[in-house]
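Before any questions on how it binds or moves, here is one chain, the form predicted alone, in C-alpha cells.
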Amino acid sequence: MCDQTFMAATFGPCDSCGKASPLMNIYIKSEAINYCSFCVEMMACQQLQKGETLQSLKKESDSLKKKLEEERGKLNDVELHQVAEKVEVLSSLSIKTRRVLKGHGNKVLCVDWCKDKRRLVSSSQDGKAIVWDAFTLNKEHGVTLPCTWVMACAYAPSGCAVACGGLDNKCSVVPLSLDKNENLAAKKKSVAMHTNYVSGCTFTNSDMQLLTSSGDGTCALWDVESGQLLQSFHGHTADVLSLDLAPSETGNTFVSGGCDMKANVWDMRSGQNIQSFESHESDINCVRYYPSGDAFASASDDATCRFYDLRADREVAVYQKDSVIFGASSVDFSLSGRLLFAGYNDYTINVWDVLKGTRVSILFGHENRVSRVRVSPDGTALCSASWDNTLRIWA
C-alpha cells in the first residue's frame, strides 16, 4: 500500500539507482532521501547483521514495545475520575431536538459547521453535499459529486468554500457563491488524490491548505491552489478513518485514528508521528481534540470511547457501560470540555461526564446509525447526522 500511495504524490529519479519510479520519502538521521521501493528493500537487507532475519528483528521490536509500555505504566498515578471525586456532579440535562433537516436521499455520512455558527455542510451516500441554514432549514447550495458515498466534508474557515471527498479517492474544493442558480459542480476543483477512498478532510487554519485521511493508510497535507502534495504522513498499517486538527491558531499537530486500532499524533511540519496510543480493541472510527488541545477522545467499534492526555502520554479515562454493546461512531466535546457527546450504532447519542466518566444523558430520535456528531462553534447546539437520511439539531 505504502509504495502505491506515493504514485500520486512523488514520481521521479531514485536517489540510489537513478531510475524514474514512484518514490518513498524516508528519513536517515533526519535527512530526507527519495528511494524507490526496490532500493529501500535492498538497503534494509544490507543493514542486517550476521544471523539476523526480519523475523528476529520483528521479535526484538515487539519486546522493545513491551518494555516501553511497562515504563509508561510505571509513571501512571491516578485515573481522571479519582482526581475528580470532589468535583460537583452535573445536574440533569435538558437537550431536545429543535430542528430536523431533511433533503438527502440516502445515508448522511458527515457534517461540519461553518465558523458563522449558523450554516452546515453535510455529505451523503446519495452523492450530494448540501449546505444548510440551520436556523431556517433552507438548503442554500447543493453539489452533486461524481460518486456515491461522499464520506467526508468540511467548511473552509472563511465560509466561502467547502471540501468533500469519498469513494472516488479524491477530495474536491467547491467555492460557494451568492448566486443560488450558479452551477457549483462546474467550479469544483480536485485538490487531493489518494490511491483509496478519502475518509476525512479538514482545512487547516486557512483556506489554502487541506488535510485528508484515506483508506490507503495515509494522511496528507495539500495546497488548495495548486493541488500539490505538501506533506504525507505514514505510520498507520491499515485504513485511516478519521483525523482532527489541534485547536490552536498555530495548529501544527493533528491526530488520526484507523482500522489498525491506533491513534497517532503527527507534526505537520516534519511529517513525523510524535505520539501513538494503542488501547482500543477494534477500529477507531473517530478522533476529536479536547478544546484546550492538551488531550483528545476516540470512538471505537469496541463500544468504548477513550480519553488520552498528551502531556501524561497515556489514556486517562474510558467511557463505557455494560449496557452499551454497540460500536461508537463519532465523538465531540462541549465548548467547556465537561461533556463528551458520542454517537452509536444503536441509533442513540450518549452524553458522558468527561471528568467523572459517568453517563449523564441519552438522546433518542434517530432511526438508524448515528454517523457523526458535531457541536456548533459557539457551543449552543449539537448537530447529528444519521443513516436515517436526516440531520438533527439538538439544543
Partner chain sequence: MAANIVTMKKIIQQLRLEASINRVKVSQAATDLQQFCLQNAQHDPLLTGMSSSNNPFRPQKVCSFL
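What you see is a predicted model, and the numbers here were worked out from it, not measured in a lab. Residue numbers count along the first chain shown, from 1.
Missing here is the form predicted together with the partner chain; even so, the following discussion is about that form.
- Taken together, the three residues Ser94, Phe135 and Gln272 all come within 4.5 Å of the partner chain in the predicted bound form, as judged by their closest heavy atom.
- Shown alone, this chain has one stretch from 323-331, 56-64, 365-373, 342-350 that lies within 4.5 Å of the partner chain in the predicted bound form by heavy atoms: 56-64.
- Think of it this way: in the predicted bound form, the partner chain has a heavy atom of just one of Ala246, Met268, Cys259, Val316 within 4.5 Å, and the residue is Val316.
- Site annotation in the predicted bound form: the residue of Met208, Cys147, Val87, Ala238 reaching within 4.5 Å of the partner chain with a heavy atom is Val87.
- Heavy atoms of Lys188 never reach within 4.5 Å of the partner chain in the predicted bound form, leaving it off the interface.
- Although the partner is absent here, Arg99 lies within 4.5 Å of the partner chain in the predicted bound form, judged by heavy atoms.
- Using a 4.5 angstroms threshold between heavy atoms, Arg359 stays clear of the partner chain in the predicted bound form.
- Among residues of the shown chain, Gly379 is one whose heavy atoms approach the partner chain to within 4.5 Å in the predicted bound form.
- Contacts of stretch 288-327 with the partner chain in the predicted bound form, defined by any heavy atom lying within 4.5 Å, are made by Tyr290, Pro291, Ser292, Ala295, Phe307, Asp309, Arg311, Ala312, Asp313, Arg314, Val316, listed in sequence order.
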